[in-house]
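This document starts with one chain, in the form predicted alone, laid out as structure tokens.
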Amino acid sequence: MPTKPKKERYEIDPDDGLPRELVGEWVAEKHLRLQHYIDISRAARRKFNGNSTFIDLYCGTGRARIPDSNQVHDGSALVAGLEAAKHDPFGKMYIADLDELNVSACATRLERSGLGNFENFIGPAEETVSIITSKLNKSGLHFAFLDPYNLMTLPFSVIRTLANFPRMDLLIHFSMMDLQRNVSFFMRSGRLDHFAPGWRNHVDQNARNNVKVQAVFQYWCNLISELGYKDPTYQAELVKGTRNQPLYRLVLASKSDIGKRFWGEVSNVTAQTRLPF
């Protein structure tokens, strides 16, 4: 593992000597919703008698601090694994990340936390998702948490690959801030083609910026629905920053009505805004 993490994104955690990330304050709410979903879905995992999995393709280091504060939080893989272990643990966990430093730190933290039943992989999500899904049981219960560092690192092919499984719930971090800032560039550069293939026939490139952003998001949700998921626009919480600026949507995609009911409970963690459509 590199001994000098990137200064702009990492620091050394004095508690365990491993790199940890510097992240926005909104991470706490995002992981609280993840934790609640893992908690209330424990009865479903119990029915599958160990044939359940957790997948995190953007695992990070497994630990993070909010800058200018002493608030330190576990990463998504630890949040999910530790919560499940209280009652009905996952039969297997799979973690991956593009950055070797992230994977190594997260894997070490999982092991030290007693969560040893996992496999880890290094590479872009479109590659690691193929490796991981080749190991899954089609009859199992699977849950993937997709928390990319930016929108363009989540090509739609990743979601399509995961959707091949009949019981694969997805919880996706959709950065509204990234899209708001860069939607015109994503369109001109062609990068949006990989994220939301076919968007050119559904989004007006000459519309106002905020209209384009909503249109892209709605079209992306429609693509997910076409894969057999219940309408994810209903299950998409808007999380805002301290200045009331839109930060991200936390989107649940489930093929089951039970998943929709679960999210109805999870979405009440804090009072946030429902989608306007």
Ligand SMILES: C[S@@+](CC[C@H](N)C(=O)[O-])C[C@H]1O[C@@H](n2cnc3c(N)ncnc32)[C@H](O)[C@@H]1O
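Position 1 is the first residue in the sequence shown; the rest follow in order. All of these numbers come straight from a predicted model, not from anything done at the bench.
This protein has a second form, the form predicted in complex with this ligand, left out of what is shown; the following refers to that one.
- Residues 59, 76 and 147 are all found to lie within 4.5 Å of this ligand in the predicted bound form, as judged by heavy atom distances.
- This ligand in the predicted bound form is approached by residue 125, whose closest heavy atom lies within 4.5 angstroms of it.
- This ligand is not shown here, but in the predicted bound form it comes within 4.5 Å of a heavy atom of residue 21.
- Though the partner is left out of this view, residue 169 does not reach within 4.5 Å of this ligand in the predicted bound form, counting heavy atoms only.
- Taking the partner from elsewhere, residue 153 is found to have a heavy atom lying within 4.5 Å of this ligand in the predicted bound form.
- The single contact residue among 136, 98, 187, 176, judged by any heavy atom lying within 4.5 Å of this ligand in the predicted bound form, is 98.
- Checked against this ligand in the predicted bound form, the residues 65, 45, 31, 212 give one hit for a heavy atom within 4.5 Å, which is 31.
- Only one segment in the set 243-251, 35-43, 222-230, 49-57 has residues whose heavy atoms sit within 4.5 Å of this ligand in the predicted bound form; it is 49-57.
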